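In the block that follows, a single chain appears as structure tokens, in the form predicted alone.
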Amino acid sequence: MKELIDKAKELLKEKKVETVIGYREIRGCVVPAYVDSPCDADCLIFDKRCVYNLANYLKWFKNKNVALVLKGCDAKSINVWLQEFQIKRENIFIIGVECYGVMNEKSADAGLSDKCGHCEAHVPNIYDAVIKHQGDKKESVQGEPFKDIQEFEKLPHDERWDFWKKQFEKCIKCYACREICPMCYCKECIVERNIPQWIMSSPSVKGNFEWNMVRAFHLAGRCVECGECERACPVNIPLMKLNKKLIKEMKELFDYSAGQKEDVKSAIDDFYPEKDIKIDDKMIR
């Protein structure tokens, strides 16, 4: 993508940023790339194989001027970071890329990722420059975005319990979901505290439930649906099913979706004493 390469060279040559974080291909695989000089920018690419949410790498570049290549779903992470005062907007140059879906790495036919089915964020809602899509443009599938969650909610309690028990029994506590998630940026995670110990560190049914439920609740009102946690899970736990349940609740209770705007408070950082909320057909204040 000549436009992307030219923009990266311009930013580095004029010293507007120290590093451009984008994608490159190595031996047929697309991986994140750190570009520090204009002459190295020719390696940058963008296509449906660029699955990584590069906003996650800001954890290591908080105090530096960097440029990030971001898809629409990934760019929402920046808005959450800004809401939570983790970065300064002036330190980040966002090269938005128009995107119409990335591949599902775990699918045999390499079709589009499930997260792309109802995605409407083809162009990032926050950017400093936009690289237009150069291939075929496929619109999102219309319909109820939470249909799968609604169907799951209709199942009897015992069936839902058995489903998650079976899923969480597979967890090996590798914490790949935590490491890949841009919203997990704490210097010390709750699972690493042992005085007192809040969550069992060894894999077990109880400890696995504790970890996965705490992780999900810490993402309530913050998950931007980039799907990286589920993609990185080596045992294929459907983590986005759990995340989407909380996303659905935040939308219905507070009419809030994470990462939509940079200049609004997050749902968990605001308070409306005059607003009534409906839970189980009862109005509460």
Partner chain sequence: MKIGVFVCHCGTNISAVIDVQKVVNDLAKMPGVFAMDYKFMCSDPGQNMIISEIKQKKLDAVIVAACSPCLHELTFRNTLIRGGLNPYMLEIANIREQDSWVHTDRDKATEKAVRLAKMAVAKAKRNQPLFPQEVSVEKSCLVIGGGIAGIQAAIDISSAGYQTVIVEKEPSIGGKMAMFDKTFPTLDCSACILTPKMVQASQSKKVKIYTYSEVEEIGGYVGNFNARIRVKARSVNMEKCTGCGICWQKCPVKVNSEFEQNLGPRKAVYVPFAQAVPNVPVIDCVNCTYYRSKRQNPESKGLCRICEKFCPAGAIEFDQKDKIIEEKFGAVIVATGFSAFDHKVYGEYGAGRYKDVVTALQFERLLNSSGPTQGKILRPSDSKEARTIVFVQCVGSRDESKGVPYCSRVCCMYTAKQALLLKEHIPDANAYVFYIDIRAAGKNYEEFIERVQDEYGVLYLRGRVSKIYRTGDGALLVRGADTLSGTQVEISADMVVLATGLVSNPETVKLGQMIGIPYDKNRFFTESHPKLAPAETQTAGVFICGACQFPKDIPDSVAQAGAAASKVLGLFSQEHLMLEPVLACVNQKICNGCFHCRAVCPYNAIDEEILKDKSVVARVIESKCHGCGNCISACPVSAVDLKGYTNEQILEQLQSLR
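Just so we're clear, the structure is a prediction, and the values are computed from it rather than from any experiment. Residue numbers count along the first chain shown, from 1.
One more form of this protein should be noted, the form predicted together with the partner chain, which is absent from this view; the next part is about it.
Put simply, residue 48 is far from the partner chain in the predicted complex: not one heavy atom of it is within 4.5 Å. Although the partner is absent here, residue 121 sits far enough away that none of its heavy atoms falls within 4.5 Å of the partner chain in the predicted complex. Contact between residue 125 and the partner chain in the predicted complex is not found at the 4.5 Å heavy atom cutoff. The closest heavy atom approach of residue 206 to the partner chain in the predicted complex falls within 4.5 Å. Contact annotation: the partner chain lies within 4.5 Å of heavy atoms from the stretch 178-186 in the predicted complex, the single such stretch among 68-76, 178-186, 113-121, 94-102. Taken together, 9, 13 and 43 are entirely out of contact with the partner chain in the predicted complex: none brings a heavy atom within 4.5 Å. Residues 218, 222 of 213-234 are found to place at least one heavy atom within 4.5 Å of the partner chain in the predicted complex.
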